[in-house]
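What follows is one chain in structure tokens, specifically the form predicted alone.
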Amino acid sequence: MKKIAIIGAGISGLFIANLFKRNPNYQVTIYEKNTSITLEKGYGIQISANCIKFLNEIGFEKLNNEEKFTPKKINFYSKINTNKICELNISDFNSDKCKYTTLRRSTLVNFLKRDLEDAIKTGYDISKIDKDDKQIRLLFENNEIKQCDHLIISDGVFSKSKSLILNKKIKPKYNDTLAIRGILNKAPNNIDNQNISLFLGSDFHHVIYPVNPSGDLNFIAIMKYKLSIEEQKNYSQLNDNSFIQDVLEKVPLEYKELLESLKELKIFPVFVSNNFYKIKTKNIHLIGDAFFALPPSFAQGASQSIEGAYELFRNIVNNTESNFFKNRVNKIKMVNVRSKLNQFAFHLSSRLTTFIRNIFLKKLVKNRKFLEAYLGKIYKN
């Protein structure tokens, strides 16, 4: 029986652990540096249909329907409380059992960890990784030493393990944007609260979508915002009330009333990856944000974490690990380009460019050939 060690208990690490746990040829252990797995109840996520197919392999279709939602379309609006530009039918990429799904992140994490209680070890902060092509030796800050046959690194955008394995400090890049998150108890006037609503504005866009049939709505805004080098280093200060108030004062006036109505408001700087890093040792791999952290404007963070984890699992089981890196890079590059393009288009400011953008949007959402190329290559495997 081969030993699988996973560093990091995020979505990608928990998902791939579930896959290995169902295979009798492997023994899996997750090492998480925190003393518990963080659950933020109001934090919503979107998962595309192809990744629901992967989740269904571990029983996701049995999750209570009261804990998830299946929107059928994305409604595009120009700024807040204005007429709708157009709508995109994301249900066109669904199948009977695999549908575009929204839910709370905590709901997904609870589902993923429910069969892994005996496999998760918390309070394990990695300090050193010794490697060769057969065995991997892990040293932790608590002085414990563990060995494994395969090491999977999924400890996020600030991955300490990636820096250790590459013998150099790997730093993500600040994306010059902040993510503003919160919960809405009721939808603003004149929007469809049964689907995803995307509002486009000058250097600011926001999304509202249901996370369950009860009407709970997730809010996320992406706002252009410069941070000094020192502010980027001192991550903890970004949660201070004074910082939050400074940010909110710079929010466009038409959004202030909406933001004031949010519950559990939190602000996060958006960090993205600069490059892809291939690890030469064949039995060590990166997944999730440790592999590559994307801008959030294509709503593919969770989906690509799940998809990448599934691909790596199949490659390890089939002894085709050498294929994983190249294939994953090709897919992530496609998503990354679309994420950057979306952010650029969503944040246009002049009346002329937004007028032209809106005309193009109305045409593109009805163009099947374009949608298959732009979305189908991402939503379908």
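In case it trips you up, residue 1 is the first one in the sequence shown, and so on. These figures come from a predicted structure and were not determined experimentally.
Below, we turn to the form predicted in complex with a small molecule, even though it does not appear here.
A single residue from the set H206, R181, K73, K113 has any heavy atom within 4.5 angstroms of the small molecule in the predicted bound form; that residue is R181.
The contact with the small molecule in the predicted bound form, taken as any heavy atom within 4.5 Å, belongs to I222 out of L258, C98, I222, I267. Each of I45, D155 and A299 places at least one heavy atom within 4.5 Å of the small molecule in the predicted bound form.
With a 4.5 Å cutoff on heavy atoms, I16 does not count as touching the small molecule in the predicted bound form; it lies far away. Using a 4.5 angstroms limit between non-hydrogen atoms, S303 touches the small molecule in the predicted bound form. Shown alone here, F93 lies farther than 4.5 Å from the small molecule in the predicted bound form, counting heavy atoms only. Looking at H150, you'd find every heavy atom of it more than 4.5 angstroms from the small molecule in the predicted bound form. Contact with the small molecule in the predicted bound form, judged as any non-hydrogen atom within 4.5 angstroms, is confined among 185-193, 198-206, 248-256, 285-293 to 285-293.
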